[in-house]
Ligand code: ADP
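Read the single chain below, which is given as structure tokens and is the form predicted alone.
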Amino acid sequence: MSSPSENMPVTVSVPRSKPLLLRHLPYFIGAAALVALAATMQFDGYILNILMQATTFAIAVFGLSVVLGLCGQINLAQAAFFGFGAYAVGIGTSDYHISYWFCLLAGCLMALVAGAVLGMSTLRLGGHYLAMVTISFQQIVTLVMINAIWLTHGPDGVPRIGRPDLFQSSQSYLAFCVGMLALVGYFVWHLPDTRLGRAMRAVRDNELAAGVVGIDVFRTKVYAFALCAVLGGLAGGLFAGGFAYVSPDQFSFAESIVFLTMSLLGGVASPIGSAIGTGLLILIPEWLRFLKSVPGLYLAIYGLSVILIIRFMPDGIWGFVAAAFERWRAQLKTPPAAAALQLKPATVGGDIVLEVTGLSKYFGGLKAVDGVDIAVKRGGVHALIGPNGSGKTTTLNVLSGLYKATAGKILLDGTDITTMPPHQRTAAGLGRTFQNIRLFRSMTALENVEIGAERPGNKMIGEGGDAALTERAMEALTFVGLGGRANELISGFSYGHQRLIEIARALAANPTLLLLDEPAAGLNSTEKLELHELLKRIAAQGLTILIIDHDMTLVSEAAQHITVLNFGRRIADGESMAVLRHPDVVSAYLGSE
């Protein structure tokens, strides 16, 4: 941890970056060159089919980059969404002679709706349960494709699928598909740097922390699933037009596994990795064609190649390269300097910022919190103490919405937040840290704090956009003494510094009330002194703090008011020194000696 002298702010604003399109101009120039190359180079039918398959499959795999790479949710039904787009274009253009463009749009919408509905009905499950549900959905869609002969033509498939008038030749249609690949790739590449993308990354790294910093976790998951599905539908529609024939066996569960393998092989977190994985899994079998005369050898080498890559590059080929590049860039990149952090908590609720009455939380027959009343005065430090198992952390979890109260009422700055989910309580002005540090491990310190600063209703950000967001995050990191290490990954920080980053993330949101759960846990004596000084500087700006800690020296020096719990009930409440001398507190917590 850093000394207060290191926290002196430098009043230099973050420089305005170039417009997004101008910064990415080389990408668009390269994409235009690839489209022109695809349109003008003469390929034989065999090469053309391989390129067509790789291009359309890559778009479907981009969808997995969103749902699995960014949001951390498993999807083993991507071939089903791929099939929605393919059959919409196939049936529409072949049987009903509808415009290709309308059919492509319809296929994307069908996949979008199916993905959103599947997501809304299953994403609260997560883990292997979610995998099982998506597998079942995939199997149902495959069975419908096979048996609904009146609609899908059954196992015979749909022939003579049409293409748009502008791209009737295979060469021009390939160029069109390459152009779509470039556009979708740009969208997926840029998505992690958007508000939605940051929310997805936070959900992937730590759902609990994401909800507490103001992210609607469930809605973010549904968005990711829907985006994955619509990209699958788009890819399927392009695939149908490219090959002019589709059949159910092209959209089976086995194809979903192929898509997943492509994503993992190249690097699931990046569209570049998805494109690499797709290309390899399509090209490797072609490279090994000369071995097919030896029974089993072709499959053995193919499988061994995939296993070795995944074993020694667990983040995929591009993930391995990108990680090395990020470490090098973090050493060279100088973080922008920042002005002094300003905390302007809301003051609409009178002298009492948090009023808790009759709060209870029961777990079956266990009364973890039983009829607790707490009144936290504005602008001070209020401590909640008690022996292990007294209900302190449970109380904080109920206050922040992680647990639903069995009974009681919670008012924050005059607003009733008793039934609000965590992200809405954060929007109302509640900030929190955790006893067990919950940071987003795949991100830098700056990115972690930026997510906190994005809290809905944060008037310190306003309409300033990404520049204001970065500036606010830098102010918070500088305030806790870590501004110079803003671009380093969380894994490179010591335990004590990770504590500070979590506090900075909460401060960047400009909360009305800050809940600190055991902030001194795991810190040495020097770090505890520095934490005490930090709390003084926070309180000096008028931010109200409710702190839980077992360090009585820290509590007695930092807090003006103390509430004591024992066996889930309040046994003392009042001015700090008077409470610490209270006989019941001495007996229950401090010990009669």
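Computed from a prediction, not measured in an experiment: that's the story for all the values here. Just count from 1 along the sequence shown to find any residue number.
We do not show the form predicted in complex with ligand ADP, though everything after this point is about it.
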- Message: Within 4.5 Å, heavy atoms only: does residue 93 come near ligand ADP in the predicted complex?
- Response: no
- Task: Using the partner position in the predicted complex, report whether residue 275 sits within 4.5 Å of ligand ADP, counting heavy atoms only.
- Result: no
- Does ligand ADP get within 4.5 angstroms of any non-hydrogen atom of residue 403 in the predicted complex? yes
- Message: Can you tell me if residue 366 lies within 4.5 angstroms of ligand ADP in the predicted complex, counting non-hydrogen atoms only?
- Response: yes
- Could you tell me which of 405-413, 117-125, 253-261, 366-374 sits within 4.5 Å of ligand ADP in the predicted complex, going by non-hydrogen atoms? 366-374
- Task: Taking 4.5 Å between heavy atoms as the contact cutoff, choose which of 357, 442, 171, 393 touches ligand ADP in the predicted complex.
- Result: 393
- Which of 465, 285, 389, 155 has a heavy atom within 4.5 Å of ligand ADP in the predicted complex? 389
